[in-house]
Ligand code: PXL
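Read the single chain below, which is given as structure tokens and is the form predicted alone.
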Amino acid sequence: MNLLSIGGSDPSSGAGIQSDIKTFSSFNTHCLTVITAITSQNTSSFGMIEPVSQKILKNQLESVISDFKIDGIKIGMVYNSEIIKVLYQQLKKFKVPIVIDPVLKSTTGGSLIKSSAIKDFREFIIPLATIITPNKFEVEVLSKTKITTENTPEKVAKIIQKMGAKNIIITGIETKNNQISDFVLEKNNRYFISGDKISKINHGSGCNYSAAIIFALAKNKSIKESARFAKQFTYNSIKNAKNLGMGIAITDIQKYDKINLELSDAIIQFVKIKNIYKNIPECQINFVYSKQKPKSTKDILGISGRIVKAGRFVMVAGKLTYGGSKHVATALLTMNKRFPQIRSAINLKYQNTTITKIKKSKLIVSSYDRSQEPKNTKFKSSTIEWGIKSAIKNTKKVSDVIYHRGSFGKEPMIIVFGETPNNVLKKILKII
């Protein structure tokens, strides 16, 4: 896959072209670049800007467009009207996803666009956007409207949509309970995507977000899937930010782990399910996802702690680590040996009402009797392996759900299996 980043050069490699190269490389994606301006900045201050000429900008674009199949484009810093108009003329007929990151100022204080160019930005750049990703400050400047109780994020986003952007994501809206949300306005849909706030000033998170969005779009993900992916990716980059200079921290791009990101996103969606606390057993919950052809539980990603409840509140206690789960991971490993396509699983509280819903659904269900367990496996870690093998030994079809009614000292349990964490989530929503 080839992704094109159009923007300014940042010598600190915290943002701009250099940041996008790091991000796209972490996705094993080839990054093409077109530089619009050279900046002089570091983690403490902002110096000069030298925009490139229209001639070299056009030549850069022609060079990459004529030689490469481009799967997606990200546009960041554009600086002046001359640059804006060249980009519009070269890209207006391009039939690939385009993400606009409307960078107006640097975290270290520098202005990244001339005030005289904002009118042309609205007229020529915004209409190119498959998605535009302004933060609160940027959307207020572009829309000439402050976000207030009366002027909601939706109303302000609609102003940008009328300028020609197909989809708008306003990032970094602070909400209650230490959450930070992104408001998404699609053509016929609107919603918030929320996550935990990290109180850390950083350099590069906006670039990380928009770069992750264009990667997901180029992989044919939906707007919602792309926004969730980008939020989780950016959260991780902020969490791992490092103080490499004498000023603010620079976000750190870890090697892309698709398994980690998919499971992280699924867990976020799981804990938001209405009344999900009612389905958490006494032993709590683990949600796991394995590598291809796992040889042991060390090849299976799980929570080092558990998904736990405190009253009606559900939270994740622990980090995702390979080998972080034993019980659910062993169940998955046993299932995977028989059905290699099954790579994800979660345990739920045993309830008669849930079993009734499972049996009424079109899901394939199996069970085993703990009272029939051989003495040599009782009270040992191999007990779950014996149970799963017993449940599937006489079936040629993959079981979506396996349960047991418990025994002396053993809590009854339901385990839901699937090909991916998202597949597991869809099955859960059918039975709770």
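Residue numbers run from 1 along the displayed sequence. All values derive from a computational prediction rather than experimental measurement.
The same protein also exists as the form predicted in complex with the ligand; that form is not shown, yet it is the one meant from here on.
- Contact check at 4.5 Å (heavy atoms) against the ligand in the predicted complex: none of 301, 304 and 320 pass.
- Out of the listed residues 83, 99, 217, 77, 77 is the one that sits within 4.5 Å of the ligand in the predicted complex by at least one heavy atom.
- When the ligand is considered in the predicted complex, only one residue from 112, 335, 266, 249 comes within 4.5 Å through any heavy atom, namely 112.
- Of the stretches 21 to 29, 405 to 413, 418 to 426, 5 to 13, only 5 to 13 has residues with a heavy atom within 4.5 Å of the ligand in the predicted complex.
- Residue contact check for residue 390: none of its heavy atoms lie within 4.5 Å of the ligand in the predicted complex.
- Among residues of the shown chain, residue 203 is one whose heavy atoms approach the ligand to within 4.5 Å in the predicted complex.
- Interface residue remark: residue 366 is not counted as part of the site for the ligand in the predicted complex, having no heavy atom within 4.5 Å.
- At least one heavy atom of residue 103 is located within 4.5 Å of the ligand in the predicted complex.
- Contacts between stretch 34 to 48 and the ligand, counted in the predicted complex as any heavy atom lying within 4.5 Å, involve 39, 41, 46, listed in sequence order.
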